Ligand SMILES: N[C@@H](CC=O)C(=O)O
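The data below hold one chain only, encoded as structure tokens and taken in the form predicted on its own.
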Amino acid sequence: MSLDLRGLTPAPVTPFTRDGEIDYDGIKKVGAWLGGIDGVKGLVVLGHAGEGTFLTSDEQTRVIEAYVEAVKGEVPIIAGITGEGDHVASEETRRAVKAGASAGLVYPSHGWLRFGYQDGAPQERYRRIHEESGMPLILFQYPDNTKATYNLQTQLDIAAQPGVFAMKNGVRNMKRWDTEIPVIREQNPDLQILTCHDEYLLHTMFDVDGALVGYGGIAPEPLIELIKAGKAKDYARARELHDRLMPVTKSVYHRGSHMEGTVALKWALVARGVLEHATVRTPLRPLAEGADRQIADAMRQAGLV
């Protein structure tokens, strides 16, 4: 029986101490807070927001274990699977299973971002990972402006494979979204479709079962309401929530690089009193002077402080 992610699935950050080590007390605080919110369906750790590729394999395992302990069984922990090759990714997935993860969010092999993928390679990646680990898997659709985005047939093939129960779609091309999502829905009616368009939530919220977003790690309460409004086709309420959140969206995600969003997420948690500081690991860099105050002001405007 697959997991039910029909609602909000935040992708929380990985807190660090000021000297750059994993902050397990911070994980306990973040996990206990998010896991205790009604409407949160699971937590995805070790993703982009969680700086998962910046951690050693041992650290990745310990982060999963720490989040599993923090939520105390309230929600499942889902692990980002980011290993470059299929063999490496399968090994990573088996470690995640042993650490207590309930499912895996499978990233494309990162070489595909530059060079593209050969036909059939993504399907094989999901097949091998599931067969060698038994882990339920989430299909991850990358942005259209990368060479790691999957064409429609590839998405349909993966969605039909054993073990694949959900899709995290971040294509960020609304023409493709509007034309491909109905086909995927029709051909795979049991597939749970989750938006990860942190900066396009209003457009995508009416077509999905839920949201799997880093944004959920800082603003879970209004996003849960936004998902409800989308499912009810209540545009007026959805628009109200979207507009309320726009200062936060701009201060966190409308930056020069989407990577800066991870740093901004941590400052938003500082503003909420969840974290004490916004330490990140290189290659991430601190934000420009004053960004912390801007983000705090935006969180106040949205009623989140």
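Only a predicted model underlies this, so the values are computations on that prediction, with no experimental measurement involved. Start at 1 and count along the sequence shown; that's the residue number.
We do not show the form predicted in complex with the ligand, though everything after this point is about it.
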> Though the ligand is not shown, can you say which of Gly170, Pro220, Pro76, Gly80 has a heavy atom within 4.5 Å of it in the model of the complex?
Replying inline: Gly170
> Which listed residue (Arg272, Lys28, His258, His242) meets the criterion of a heavy atom within 4.5 Å of the ligand in the model of the complex?
Replying inline: His258
>> Let me test this: is every residue among Trp112, Tyr117 and Asp157 within 4.5 Å of the ligand in the model of the complex, going by heavy atom positions?
In response: no
> Is Asp198 a contact residue for the ligand in the model of the complex, using a 4.5 Å heavy atom cut-off?
Replying inline: yes
> Just to confirm, Tyr150 within 4.5 Å of the ligand in the model of the complex by heavy atoms?
Replying inline: no
> Might Trp177 be said to contact the ligand in the model of the complex, defining contact as any heavy atom within 4.5 Å?
Replying inline: no
> Is Arg62 close enough to touch the ligand in the model of the complex, meaning at least one heavy atom pair within 4.5 Å?
Replying inline: no
> Looking at 89-97, 226-234, 162-170, 179-187, which lies within 4.5 angstroms of the ligand in the model of the complex, counting heavy atoms?
Replying inline: 162-170
>> Going through 261-293, which residues have a heavy atom within 4.5 Å of the ligand in the model of the complex? Please give them in sequence order.
In response: none
